[in-house]
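One chain follows as structure tokens, the form predicted alone.
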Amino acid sequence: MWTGKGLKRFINSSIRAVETRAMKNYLLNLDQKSLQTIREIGEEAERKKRSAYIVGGVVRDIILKRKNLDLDIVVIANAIGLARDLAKKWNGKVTTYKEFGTASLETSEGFRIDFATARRECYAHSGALPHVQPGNLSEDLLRRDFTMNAMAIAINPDCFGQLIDGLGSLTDLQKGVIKVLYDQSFMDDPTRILRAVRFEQRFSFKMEERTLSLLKAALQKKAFLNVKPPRYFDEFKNILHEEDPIKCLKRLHQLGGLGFLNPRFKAHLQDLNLLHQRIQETRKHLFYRQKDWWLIYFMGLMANADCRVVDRVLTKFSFTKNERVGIQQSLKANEVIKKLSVRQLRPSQVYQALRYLTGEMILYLRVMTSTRIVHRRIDQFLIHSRYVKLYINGEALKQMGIVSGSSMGKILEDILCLKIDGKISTRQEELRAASACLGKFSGSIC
């Protein structure tokens, strides 16, 4: 592997080569809107006498001809100033982070572009956030995770679309090889362990032998313990956001990389294949197409875990209150499925079984089973029952002489169930049902 000054000289020679020889324009395959946006950024950078480059994963995806909505721009000196100038020109909104020399620009059309001043990084210790200082393009490329993400495309007019690659990154990409830039990479930033697995499985690539050896060594040393758990879990969530996270989970399990969740956690991945198949089928339905499924996959991963292990996972990592509740509810998913499978079940009974569950928990129930009647009942709840509202409220009941308290809530709930079951529909029918319920909370009417 390249190291030290020799590596920097090699990258700098590649950068100089842009100025001396004609190269392929790697941006010509982009759609016209993206191409025009990039041209305008390059032209504005030229007016300000700055050099600007597209960098990172978007370069990789351009070469692979894969769709990527992210646009990362590195500027040699003062990226924030360039972002502000473009925001004025495009009537956009810019958010700046002066301590990092970065800015995010959102255009009036909702297109987001991230700008960063070229920088170099060093790590005080394993897992620490890097110390950042201004640098040149070669130093900025050197701080990347893998060679395939360490390329740049020039966007200034005189060299627009020309690839800058001083590490043999293009060759690695074409061969489908994932390679770290230096031996300490996984120890400096242990989240790269998860990224290596994610990229390997997403692209059906293979880790270079030395890289794989370094990754295994970092896992053996439990390098993930050097990273704050929420930060490590955020990277793990990116795996669960993948089109097929099961491949990543299996590979991570094979490498011994799931132990970060809890030392006592035992993965049971055999059921996740079926869960994934059902999720893919469910996503074909229009109603479920835009859902975020990462938490449903995580529920599946936790399905056979000991309750104490799950509680420790929920305490250790950063979950929202709603996510924590959903995960805890998922541990009783089989009980709910059993209730929903009863042959004779009124819509109001389905409503009562599901009303206090989180949306993610209900989605998890939907993909846990292949029973069609359960699917129909969940769909009916999500599309119709949960939106049913009463015309009357507590004030109407008070006018009928009903005193505030638990009885009032019970009457309103019973009337709602009648409405969900289609037995009443108008306000007058609701009032008549309320009158019939007076003193008859255990009767057949309510």
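Predicted model, so just to flag it, every value in this text is computed and none were measured. When you see a residue number, it is the position in the sequence shown, counting from 1.
A second form of this protein, the form predicted together with cytidine-5'-triphosphate, is not displayed here; the remarks below concern that form.
*Asks:* Using a 4.5 Å heavy atom cut-off, indicate which stretch of 33 to 41, 50 to 58, 380 to 388, 394 to 402 touches cytidine-5'-triphosphate in the predicted bound form.
*Replies:* Comparing against cytidine-5'-triphosphate in the predicted bound form, the contact stretch is 50 to 58.
*Asks:* Would cytidine-5'-triphosphate be touched by all three of H276, N334 and S370 in the predicted bound form, meaning a heavy atom each within 4.5 Å?
*Replies:* Per the other structure, none of H276, N334 and S370 touch cytidine-5'-triphosphate.
*Asks:* Of these, T96, Q349, T358, N149, which has a heavy atom no more than 4.5 Å from cytidine-5'-triphosphate in the predicted bound form?
*Replies:* After the contact test, the surviving option is N149.
*Asks:* K216, K339, R120, R202: which sits within 4.5 Å of cytidine-5'-triphosphate in the predicted bound form by any heavy atom?
*Replies:* Of the listed residues, the single hit is R202.
*Asks:* With the partner left out of view, is R143 within 4.5 angstroms of cytidine-5'-triphosphate in the predicted bound form by any non-hydrogen atom?
*Replies:* Answer yes; at least one heavy atom of R143 falls within 4.5 Å of cytidine-5'-triphosphate in the predicted bound form.
*Asks:* So in the predicted bound form, is cytidine-5'-triphosphate close enough to N68 to count as touching (4.5 Å, heavy atoms)?
*Replies:* Looking in the predicted bound form, residue contacts with cytidine-5'-triphosphate include N68, since a heavy atom lies within 4.5 Å.
*Asks:* Is D189 close to cytidine-5'-triphosphate in the predicted bound form, meaning a heavy atom pair under 4.5 Å apart or at it?
*Replies:* Flag for D189 set to yes.
*Asks:* Check whether R198 has any heavy atom within 4.5 Å of a heavy atom of cytidine-5'-triphosphate in the predicted bound form, and answer yes or no.
*Replies:* Judged by the heavy-atom cut-off of 4.5 Å, R198 is in contact with cytidine-5'-triphosphate in the predicted bound form.
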